[in-house]
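As structure tokens, one chain now follows by itself in the form predicted on its own.
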Amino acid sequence: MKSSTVDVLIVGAGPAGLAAAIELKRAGVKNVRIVEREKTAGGVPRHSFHPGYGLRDLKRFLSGPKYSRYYVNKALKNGVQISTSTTATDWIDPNTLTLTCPTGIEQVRASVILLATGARERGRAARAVAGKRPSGIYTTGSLQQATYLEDLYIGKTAVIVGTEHVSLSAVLTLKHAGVKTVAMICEKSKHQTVFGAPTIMKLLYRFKLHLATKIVEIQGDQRVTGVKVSRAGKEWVIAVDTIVFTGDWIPDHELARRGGIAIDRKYKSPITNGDSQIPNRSIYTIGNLNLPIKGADRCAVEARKIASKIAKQIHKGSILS
């Protein structure tokens, strides 16, 4: 089995992980490595083609793919080692992780480990929605990958479950795929995004907004044919062939839990001190592993600050071992 040692090992090559790595190298940390389970580094923005990325950190207005490419290219230019198709599967000890990749298994020991594994949307199964398992069911992330990266057929009409900021992104992605958004539904009585945004979007894209409305059942055998919903005791069916579950985020905390790290009951994120450090361990959590959910640029800004503090501790020799 291959083994190696680095100064800092970062798990996750999204904006937070990449920004932290760049800052560490800028601050003089010599050996920084990122591992990413996807085939391509860059995180969620690489398949989110709408503009609006980079305002807080880069002072630019970029599409998701351009934003991702900026961080990946800058990390490589600064000498960061990025290992894609590589998954951190287990802990040997608090400073050593087992990695699995197409070439085999590796153990990596690091003075500091940064967990930047992000968060994911809750899909149909996690929400325990009744019905069969027909095709035509997505999260925003899987919809974007199918549309922008794989150019797959999506459908003709869709209902979006959720009214968060990412839900509006789903509307734009569906439009790009030639799918008509028929309705957006949410169990809460108020939407969870920018004031006025759902109203503007529903006028522009001509869909109905149903608040305080619950999805009861997915209909269809081979393909989605409709969604049964309810509000105030009344049930009805919205005829669509596509459903997109958006938001309702949960951190990708499996690796943290496997390492015996305590998890917050409210957000399900690892419990840290004020500097995002796991108490009494040289492990830090950055980005949307720490809920509530944040924009990619805010994750990058916060990751740089944490990385700067880590670099100072490394140079002073005050990192726990």
Partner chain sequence: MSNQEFDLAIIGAGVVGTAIAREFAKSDLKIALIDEKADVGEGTSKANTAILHTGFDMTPGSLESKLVSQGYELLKTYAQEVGIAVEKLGALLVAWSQEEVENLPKLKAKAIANGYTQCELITKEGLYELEPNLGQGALAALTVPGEWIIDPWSPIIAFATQAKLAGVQVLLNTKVLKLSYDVDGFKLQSNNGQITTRNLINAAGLYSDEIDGELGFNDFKVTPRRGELIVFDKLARGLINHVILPVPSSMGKGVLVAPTVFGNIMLGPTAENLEDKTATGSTEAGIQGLLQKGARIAPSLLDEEITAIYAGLRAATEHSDFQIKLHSLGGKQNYLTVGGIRSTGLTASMAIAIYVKELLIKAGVEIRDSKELPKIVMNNLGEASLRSYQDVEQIKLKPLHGEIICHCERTTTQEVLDALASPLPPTTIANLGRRTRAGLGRCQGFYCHHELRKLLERS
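All values derive from a computational prediction rather than experimental measurement. Numbering follows the first chain given and starts at 1.
Another form exists, predicted together with its partner chain; not displayed. Remarks below refer to it.
Comparing 263-271, 22-30, 52-60, 286-294 against its partner chain in the predicted complex, the single stretch with non-hydrogen atoms within 4.5 angstroms of it is 263-271. Of the residues Ile82, Val229, Ala146, Leu209, just one reaches its partner chain in the predicted complex with a heavy atom at 4.5 Å or closer; this is Ala146.
Among the residues His176, Lys132, Arg109, Lys188, the one placing a heavy atom within 4.5 Å of its partner chain in the predicted complex is Lys132. Not displayed here, its partner chain is kept clear of Val72 by more than 4.5 Å at the level of heavy atoms in the predicted complex. Under a 4.5 angstroms non-hydrogen atom cutoff, its partner chain in the predicted complex has Ala88 among its neighbouring residues. Taking non-hydrogen atoms only, Ala197 never approaches its partner chain to within 4.5 angstroms in the predicted complex. Taking the partner from the other structure, its partner chain in the predicted complex has a heavy atom within 4.5 Å of a heavy atom of Glu38. Using a 4.5 Å cut-off on any heavy atom, the residues of 242-281 that reach its partner chain in the predicted complex are, in sequence order, Trp249, Ile250, Asp252, His253, Glu254, Arg257, Arg258, Arg265, Lys268.
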